[in-house]
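Next up is one chain by itself, shown in structure tokens, the form predicted on its own.
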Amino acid sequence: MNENWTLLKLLRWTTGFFRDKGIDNPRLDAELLIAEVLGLDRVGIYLNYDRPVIATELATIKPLIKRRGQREPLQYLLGRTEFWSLDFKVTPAVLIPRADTEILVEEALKKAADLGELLDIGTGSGAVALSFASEKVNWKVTALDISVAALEVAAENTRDHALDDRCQCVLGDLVQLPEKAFDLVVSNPPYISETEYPELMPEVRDHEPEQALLARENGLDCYRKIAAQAQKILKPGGWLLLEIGYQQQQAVEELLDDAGLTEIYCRQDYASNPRVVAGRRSA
């Protein structure tokens, strides 16, 4: 990249480079990465096609293009992502929130009364907990994670969204959940099995935290541990909502049934895949 570059020329070259590396949506990734470095939005790119890209800007963007070409997630390169129309900081210490997980937030909001307490097990960036807290001003939310580094990210997101008064980030292990009961318990736990893990996309397998993805017992280990404590962590009438992998509906429903929960059902996502299994403690 020693020749003269315009924004359009850089965009075309980067798009082609990403396409050759097998990246999905190469044009979009190129636009977002270039816009971030140049301090533009995507509309600004289209309005400035002839703008020269100077040497210092090229020096900044070149290593980022290389890293994305090595399949490092764009969200980590940008340092943030959108979830529930909110902006969240993300680092390699946390799983990147996906749009499918918004189904978990939707179901939690449907179950929420005007006042209550929610526990988010394995909060990561805090996306689920904080999205819920942003909608329910009279609820107290506990965001639990075993990772200190992840909780630091969740705490920063909590401060950034001015939700400190509603959300508390707590270090803890799902083997021994808090000694109190909640009106709602939600979790997007690790559920990738040891056989599935090697087949994940490089962005996920090689860069996102293994601790937040991989689970023993054919991906069911965390569900077993949560279900075993369901009667303790749920208030009478309280709901447990669990995000699942697309092949885990029956197994997780059986775990909740064995745990004595009732009104068990599965909510599909907008691609018609099973996404959230829910069960209720009897009132």
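So that there is no doubt, residue numbering starts at 1 and follows the sequence shown. Everything quoted here is computed from the prediction, not taken from an experiment.
Unshown form predicted together with glutamine (GLN); subsequent notes refer to it.
Which of 173-181, 76-84, 106-114, 92-100 has heavy atoms within 4.5 Å of glutamine (GLN) in the predicted complex? That would be stretch 92-100.
Quick one: is residue 146 in contact with glutamine (GLN) in the predicted complex, heavy atoms, 4.5 Å cut-off? No, residue 146 sits far enough from glutamine (GLN) in the predicted complex that none of its heavy atoms falls within 4.5 Å.
Closest heavy atom of residue 188 to glutamine (GLN) in the predicted complex, within 4.5 Å or not? Heavy-atom contact with glutamine (GLN) at 4.5 Å: present for residue 188.
Residue contact check: residue 212 to glutamine (GLN) in the predicted complex, 4.5 Å heavy atom: Yes, contact at 4.5 Å.
Within a 4.5 Å heavy atom cut-off, is residue 204 in contact with glutamine (GLN) in the predicted complex? Answer yes; at least one heavy atom of residue 204 falls within 4.5 Å of glutamine (GLN) in the predicted complex.
Stretch 240-265: residues contacting glutamine (GLN) in the predicted complex, 4.5 Å heavy atom cut-off: Only 243 sits within 4.5 Å of the partner.
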